[in-house]
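Shown below, as structure tokens, is a lone chain in the form predicted on its own; questions about how it binds or moves come after it.
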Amino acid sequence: MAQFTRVSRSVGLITLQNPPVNALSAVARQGIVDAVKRALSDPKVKSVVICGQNGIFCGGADIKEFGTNITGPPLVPMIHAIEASNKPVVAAIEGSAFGGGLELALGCHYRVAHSKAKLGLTEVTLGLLPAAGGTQRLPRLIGVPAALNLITTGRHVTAAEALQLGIVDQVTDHNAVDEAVKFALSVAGKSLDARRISTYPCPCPSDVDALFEEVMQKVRQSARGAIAPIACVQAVRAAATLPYSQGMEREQELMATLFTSGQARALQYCFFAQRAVGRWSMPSGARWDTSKPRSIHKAAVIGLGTMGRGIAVALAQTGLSVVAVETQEKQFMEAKKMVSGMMERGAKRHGTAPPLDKITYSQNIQAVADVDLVIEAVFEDMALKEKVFQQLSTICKQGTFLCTNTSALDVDHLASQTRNPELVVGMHFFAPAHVMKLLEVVYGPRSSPQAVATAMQLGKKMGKVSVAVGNCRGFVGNRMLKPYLEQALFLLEEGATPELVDGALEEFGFALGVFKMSDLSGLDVGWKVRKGDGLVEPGLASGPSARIRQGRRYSPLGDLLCEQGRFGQKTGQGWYRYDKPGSRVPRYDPWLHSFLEEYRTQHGIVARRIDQQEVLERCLYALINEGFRILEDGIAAGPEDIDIIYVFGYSWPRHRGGPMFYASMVGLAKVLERLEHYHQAHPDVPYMQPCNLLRRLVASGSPPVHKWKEAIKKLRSQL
């Protein structure tokens, strides 16, 4: 709804009231229409201010209305009526003006923003475009290049940047509504002919065709298959080349195509899934809303390698006091320098002071004695981690939470090394830890709900998307990654090339294909893990046994490259070659292709033609099948948890919604049929056998993804 009051005798104040973000629901839109009519018909009202209650202007459309029969007044005529008003209308922007909220503000004649407000046309992040005139008004107001940047990315701008761009007329540190009322009094009675943005000519460079061609090329590259950013460019082009009314028609046509698209559904699913994972629960029934996190004032990081440094920076940026411990002298000196540099660069980007005083360094583990929480980030070696946890259990004060940044090791085993296993959880960060948004919070059977709640809350403070998962080898993300990586190697053995596999995955929407990612991460990382698991056998033996480990198919290709010292970008050679060690541009490597041919000859493998469809099906369906096993095992609470982990931690294309959502879009019966096909073709790869949960979901009619939790509960109760 919207409340109308008259203030300062002649200013009609319209306040949006739809908590929490004053979204433009049907009721809110009706409230605005009624309040505007009332203001315009009241002779005592000379000017109007539109604001939102509780310090938030408007968060945009009510996403819950999408996919339903939308009722209430449409947004476009409502905004046109405001713009056509013969009384000045001022938007008082506090908190946020996003999506339709900013479009509403652009329909006003003036905009006053609080200095801490943020603005943005965010529709592209939901697979849509600003369809209430945003693609037509913004280019007319701030020019085509700046508008394209905002509309195609959906990025937020600060009030200061909005003023610089010309989106707002005034920025204040005082109460924005009070300032807007003063502003409205000052412009009462003035002509509005020059204040209606829809009447502005669109400022265009002379080479408009070349500009749009260049932008479209860049957007296609960065969109990686997403259609909404491309539609945004087409809509802005209409603003630049057509009269306003025709541009609005084009905006509506493009929106109609996007609104019902699978990509919009996937992106909106991600939006709600991200919120759903915050409402975590444990198998015991303990939930976020009944498990109160403990406040953390001082934290410690043990081990200042790549991950430890990033974690220390992320903690310091939240304002916590951090004790950073590294016992190796050389690593200690290097880490101090690197951490300071990371904080300074981050502060420069955000226009703030680097929190250098928040971190104290020590080479003695005793320095953590008085902290509230410790995150262990030493090398991924169980014996080393055991020793650290034994020490921490003795050194730390009573009640200190002990967290491990392990990416795959047994959290419960580490907990067993301590006096209070209930205080132990995993906090699996993703590199670079101060940048990547995902945090897997891993609970063991003895972890207390409060320990999980505290880790989840700390992750949120650090700006992470925290997902609570159960304890197993590799947790959720890395456990699913293993069959995905293995299938890529098997495809190479059978006749594919790194270029073919990576090309298929990148066309699907991944930022990097599996082999480029492996070169970036370092082939030696996985090699060390495989050695620890007893899988690596030196040399290129021939015969069937060379490609079998522990009774199942195994590809030694990665091991053989590592034996050659080909560790990826760091050595200048891996699955690709690089101009020099440390270079990031992968190039075709004739040696690698000859090596693959020799390998196939050695093992009697006849190379066959493999197409992109087979690459996608084998890599992605193997990963998805493991996702179903994770759901069956109760390691993840629901498909949303898996999907958010993959979108935020493994560059799964957001416009495809995550692996489990993607499976539901493809059709569970189709996924089941293809898995059965590949399992018959490769009976020595047990994980290609379709998971029982997948079979049961198909048998029960393939319910939509949001009903899987309910279906899983029913299936469990029948066992």
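All of these numbers come straight from a predicted model, not from anything done at the bench. Numbers follow the displayed sequence, beginning with 1.
Another form exists, predicted in complex with a small molecule; not displayed. Remarks below refer to it.
**Student:** Could you tell me which stretch in 402 to 410, 97 to 105, 347 to 355, 445 to 453 has residues with non-hydrogen atoms within 4.5 Å of the small molecule in the predicted bound form?
**Tutor:** After filtering at 4.5 Å, what remains is 97 to 105.
**Student:** Given that the partner is absent here, does Asp519 sit within 4.5 Å of the small molecule in the predicted bound form, heavy atoms only?
**Tutor:** Because no heavy atom of Asp519 falls inside 4.5 Å of the small molecule in the predicted bound form, the answer is no.
**Student:** Just to confirm, Leu75 within 4.5 Å of the small molecule in the predicted bound form by heavy atoms?
**Tutor:** Flag for Leu75 set to yes.
**Student:** Decide whether Asp643 counts as a contact residue for the small molecule in the predicted bound form under a heavy atom distance cut-off of 4.5 Å.
**Tutor:** Answer no; every heavy atom of Asp643 is more than 4.5 Å from the small molecule in the predicted bound form.
**Student:** Quick one: does Met660 come within 4.5 Å of the small molecule in the predicted bound form, counting heavy atoms only?
**Tutor:** Contact with the small molecule, no.
**Student:** Of the options Phe272, Phe332, Trp591, Tyr588, which one has a non-hydrogen atom that comes within 4.5 Å of the small molecule in the predicted bound form?
**Tutor:** Contact check passes for Phe272.
**Student:** May I ask you to choose, among Leu13, Ala711, Val698, Val21, the residue with a heavy atom within 4.5 Å of the small molecule in the predicted bound form?
**Tutor:** Checked against the cut-off, the match is Val21.
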